[in-house]
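Take a look at this single chain in structure tokens; it is the form predicted alone.
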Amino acid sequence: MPKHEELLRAPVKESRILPLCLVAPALLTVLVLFVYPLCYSLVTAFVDKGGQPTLGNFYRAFEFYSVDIGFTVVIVTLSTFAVGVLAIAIGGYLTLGECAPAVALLRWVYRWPLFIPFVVAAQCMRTFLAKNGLMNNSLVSLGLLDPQSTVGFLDWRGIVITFVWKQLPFVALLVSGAMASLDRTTIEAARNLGAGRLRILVEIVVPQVRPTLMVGLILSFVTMMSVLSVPIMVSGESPTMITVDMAFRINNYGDYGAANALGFISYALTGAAAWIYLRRGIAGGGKP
């Protein structure tokens, strides 16, 4: 081979190796810290302590925690629905609102929880939603509530409130961005025909941003399914969520099989939500 061809090929090989070297550390981290534990947990959910195939782990999981599994589905579904409704309301007001100061204030305030970790959010809600917490004390000081009639929300309601407060900015940011990028001509045409802001939002704006909304809700559903700090810190009652049961089986009994079986069930639930979204997207020609 002529020397000039060898010189031309050398830079090409180096240009291919350099990106691989840059990606390798991140790829190795993902494989070691995420892919391997995921595969290991899926496999050990179907084997006993002796390494023999079994469904006993799932039998124990459903025998002891079937109520908690249903509770988890209800809590996460309710929180996801509330996040979707409030995200539409926030995005709609940012897009269609006519009071500039209110729009600017809302745009500035609603993003705050986005930068707060779940564990911090849970601790804040413990002091805010307690019977003698900040919420009730503020209402009492304003004369809107009697001190003897205060009620705490450190139960399933506190979990839902925390989840919604924490995940709402993420979905609202996606939805408001999608709404801001819409063609304003249809909105202005509807206004000229006498349509109100609520009708414009429901019938014109929301259908156009539905794919973005669905993506945000699916990601929020998956995130809330995996949170441990909120249910364990906000509510100490039973039933509780799957993540608490998984931690309990490992910490108290060393029962990784049942814990991984519960993890597999949570994978199945989140996978079903993603499958529904993808199925609708395929059926709708890429428009979920």
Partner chain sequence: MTAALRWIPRAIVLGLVVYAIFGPLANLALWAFAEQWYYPHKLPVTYGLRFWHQVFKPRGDALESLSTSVIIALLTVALCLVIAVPAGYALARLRLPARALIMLAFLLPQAFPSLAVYINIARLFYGLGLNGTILGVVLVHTVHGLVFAVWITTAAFAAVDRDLELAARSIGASALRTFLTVTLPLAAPGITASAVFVFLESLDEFTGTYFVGVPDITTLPLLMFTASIAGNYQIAAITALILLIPSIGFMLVVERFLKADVMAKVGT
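Note that this is a predicted model, so its numbers are computed, not measured. Residue numbers count along the first chain shown, from 1.
Just so it is clear, the following notes concern the form predicted together with the partner chain, a form of the same protein that is not shown.
Novice: Only one of 77-85, 204-212, 182-190, 111-119 gets a heavy atom within 4.5 Å of the partner chain in the predicted complex; which is it?
Specialist: After filtering at 4.5 Å, what remains is 111-119.
Novice: Check for me: heavy atom within 4.5 Å of the partner chain in the predicted complex, for each of Val35, Val140 and Val222, yes or no.
Specialist: Spot residues vs the partner chain: full contact, yes.
Novice: Please run the contact check for Thr29 against the partner chain in the predicted complex: heavy atoms, 4.5 angstroms, yes or no?
Specialist: Within the cut-off, so yes.
Novice: Using 4.5 Å between non-hydrogen atoms, is Met125 touching the partner chain in the predicted complex?
Specialist: It does: once the partner chain is placed as it appears in the predicted complex, Met125 has a heavy atom within 4.5 Å of it.
Novice: Given that the partner chain is not shown alongside this chain, does Met246 nevertheless sit within 4.5 Å of it in the predicted complex, heavy atom to heavy atom?
Specialist: Yes, contact at 4.5 Å.
Novice: Since only the chain is shown here, I'm wondering whether Phe64 would be in contact with the partner chain in the predicted complex (any heavy atom pair within 4.5 Å).
Specialist: Although the partner chain is absent here, Phe64 would stay clear of it in the predicted complex, with no heavy atoms inside 4.5 Å.
Novice: Heavy atom within 4.5 Å of the partner chain in the predicted complex: which residues of 236-259 qualify?
Specialist: Thr243, Met246, Ala247, Ile250, Asn251, Tyr256, Ala259 sit within 4.5 Å of the partner.
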